[in-house]
Each structure stands twice: as structure tokens, then as C-alpha cells.
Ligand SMILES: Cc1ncc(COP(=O)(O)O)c(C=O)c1O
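What follows is one chain in C-alpha cells, specifically the form predicted alone.
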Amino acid sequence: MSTQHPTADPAAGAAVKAADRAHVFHSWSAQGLIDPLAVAGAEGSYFWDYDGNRYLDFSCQLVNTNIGHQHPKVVAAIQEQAARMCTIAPGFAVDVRSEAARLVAERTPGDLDKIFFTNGGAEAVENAVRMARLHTGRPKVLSAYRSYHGATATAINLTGDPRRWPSDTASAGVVHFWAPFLYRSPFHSGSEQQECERALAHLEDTIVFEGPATVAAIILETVPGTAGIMVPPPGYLAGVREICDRYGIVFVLDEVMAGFGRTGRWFAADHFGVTPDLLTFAKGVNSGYVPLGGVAISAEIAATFDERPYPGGLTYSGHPLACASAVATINAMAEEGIVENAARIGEQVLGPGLRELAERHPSVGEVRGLGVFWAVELVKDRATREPLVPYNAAGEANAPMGAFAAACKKSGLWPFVNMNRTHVVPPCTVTEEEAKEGLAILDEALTVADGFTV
């Protein structure tokens, strides 16, 4: 089916919707209050429903289809691997698993040359924390407010947004701190340099008062994703690296969302010249075609488990179908210049285009980002920076953002909306024409948001 002429079949769509409502339990949702769209197909930067409506995917689903929908090389690799060997236990050496690990290790910074495969990002974080605790013999992990690290037991406690609250046991050995965010600075800073210095001082104070000998790891999203795409100021990540080295703390970078081309580099860490001790990945490693994630491990931490068994594993660790899709994805990204395309689109189209929209729309407080990883902060009042909707708004309080999102969808763009922001996160394969199409729809939808300003 072509994205240019999706065929309408409302009866089929109604049947899909009915089956979903009868049997599927959806994540993060009040089951009786949702109305999921029945999707008929997808290709490239678009997907479409059974009524013939086509949407430009500016959400990249969950910011993971970096290579776009239905890339033919990845689809073919999955089909070929399925015909040859669908599955094998993780204890065996398998060509496609070894090759996927080699390709990932080839692109990670520094000596992160050993790869532990998981089924997704949350499991990657769980295992990275376990490795750090076993390596150091310490219990605590520090993570930032305004962060997301997954929904499994440890990962959700590490998370710094409201999704943590219903599952927070307050006993997982997690301590939260404030990371830098100049637009809404917790440190009352007046410049990026000041924000960096104050954030680092705050982090070190937190470590000192928690007891350095109790802290196993600090985990940060290199560029926080769902929480707002706050690009750290120059020097911050290098400063965290120095603090970790001084206190013997493992530095973990969570690149689940920011990795594999999203910021215009293979990994966001490449923008800052920083090498962590552990790096988690998922999403873009194979664009979610088959579930896959992992931890890239430094030589020092890997050596901890040379003679000591690592107490962790997964039945589907390094699943052949997932690894085949990762090999095909990474090779296609390299051969087709997809990472470079993400950087170019960000620098030449999305960045300038979003800044131009900010000049004309009073509802836009700030735009920020890298590559195809941008956030548009929507406000009621530019002068006070009051968010367009309250923090963690729901129901009627969230109506302005609901109206904005509905305007986007009506015009054929599927947005990524979180709290008072819309995130502009198309595939890394997005064309200049598609990016400009999306900007034009955002321009129109922002007039709806403007109606809620003071």
C-alpha cells in the first residue's frame, strides 16, 4: 500500500478497534477513557488509518522509528533471518548477534566495547544499575528530576517525572537531583555558564551529603528526551565525568532516546566529548522493528565479571531477529548518510524554522534541540514563562494542549505532546520537503495555542 494513496476501509478499521477495546490493555492509560486510532499501515515518514487519513509522523511513534517506517533493507533482513534461524538461546555464539554487538561497539565512545543485549531500554537501565552496584559494592544511584529511564522496578524509581509517583517505593536506593535547565533554572542562573557551575556544585553537594562511599552511579540522559529535550550547557557532562572519577562513581549515560542519529550524531555523547562507564541504548538501534536494547560496557567494568559470574540474563537477550534488524539498520544508516541527514535537517530546516515560528507565536516560550530532536515550550505568558498548562495537567486543565494536538492531527500531522510541550521528532530519514510540511502544519496549529495566551 502506498503512502500516497491509502485505501479507505472503515469496516476493517471498526473491527480492529472493537477487538482492541475488547481485549487490549493499554499502557499509561485509564482504559475506559481512551480511543486509540486504528492504524492500517505505515511507510517512511507517514502512517495512515482505515478511513484513508494519512499522518506525517512527527512523533516517530515513541521517538524510536529513526530509520522511518518499513525501511526495505531492514524488512528484508528480518525476513531473511526468520527463514534461516528465528531464535536461539543467549548462551550460544551466533553470527548476527556478534555482528550487531560489533557494529554498536564500533560507534560507542571510548572503550565501551562489550555489549549486553536486552529487550528494550528499561531493561538496559536495570542491568546497567546492577552492574554499577556490583562493580562498586555501593547501593545508591543518583538520577535527575525531569528524566525518564523506563517503567521496570528500578528504572521507574530512577525516573524523575510524574510517571514514577504511583510506583515509587522510596526504598530503591535512588536519590534525585536537579540537572541544568536554563529556561526554568532551579538555580536562578542568568547564563549557561552560571547554570553549569551551579548545577555541578549542587550535584557534588548532593553526593557529599549522601556519603560518597554509598553512591554507586550517576545516571543521566545525555539529552533528556520525554522530559523536555534540554541540551546540557557546555562543560556540564565533562564536569559530571570529573566528579564521578574523583569519588569512584560509575557514570551511566542513558542514550535510549538520544542515540543512533537522533541528535545528528551516532550518540549524543559525541557532541560533548564525554565517555561514560556504561551506556544504555534501544529505540533507534533498529527503529523498534523488533524489540532490542542493551548496555555498552567499559573494559574496567567488564573485567569485574571475568571470573565472577554476572547475575543477570534474559531469555531473548540478543534475539536473532532483533539483531538482524539492528545490523541492517546500522548498515543502512551508514550507507545512506542518515545520521548526516538528521544533522543537516536540524541545522538547516527544523532549527531555523522553529525559531521563526517562535518569533511569530506568543504561545512559544522557547525552542531547543539538536538534529531531529527538538522541543517547543508552550506558555501562557512569555514574560513570566507560565506554562500553557500546569505541571502534570489532566482533564480540563490540559484542554489547551489537547486543542493544539487536535489541530495538528486534523491537518495531517501526528505530534508528540507532553505536558506543556510539543516535541518535533521526525525520523532521521525525514526529507527537507517533509520537514517543511510539518513546520507549516505546526504554524497553523500554534494559532490555536496562541488563543490561550494572556
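Residue positions are given as counts along the sequence shown, with the first one as 1. Just so it is clear, the structure is predicted and the values come from calculations on it, not from any experiment.
Keep in mind that the form predicted together with the named molecule is missing from the display, and what follows is about it.
Heavy atoms of no residue among R97, I115 and H319 are located within 4.5 Å of the named molecule in the predicted bound form. At least one heavy atom of G120 is located within 4.5 Å of the named molecule in the predicted bound form. Heavy atoms of A128 never reach within 4.5 Å of the named molecule in the predicted bound form, leaving it off the interface. In the predicted bound form, the named molecule sits within 4.5 Å of a heavy atom of E221. Using a 4.5 angstroms threshold between heavy atoms, F272 stays clear of the named molecule in the predicted bound form. Proximity to the named molecule in the predicted bound form, taken as heavy atoms within 4.5 Å, picks out 120-128 from the listed stretches 327-335, 120-128, 237-245, 341-349. Put simply, of Y289, Y148, F251, W374 only one has a heavy atom within 4.5 Å of the named molecule in the predicted bound form, and it is Y148. Exactly one listed residue, out of R164, R368, K283, H135, brings a non-hydrogen atom to within 4.5 Å of the named molecule in the predicted bound form: K283. Taking the named molecule as positioned in the predicted bound form, the residues of 248-279 that bring a heavy atom within 4.5 Å of it are, in sequence order, D254, V256, M257.
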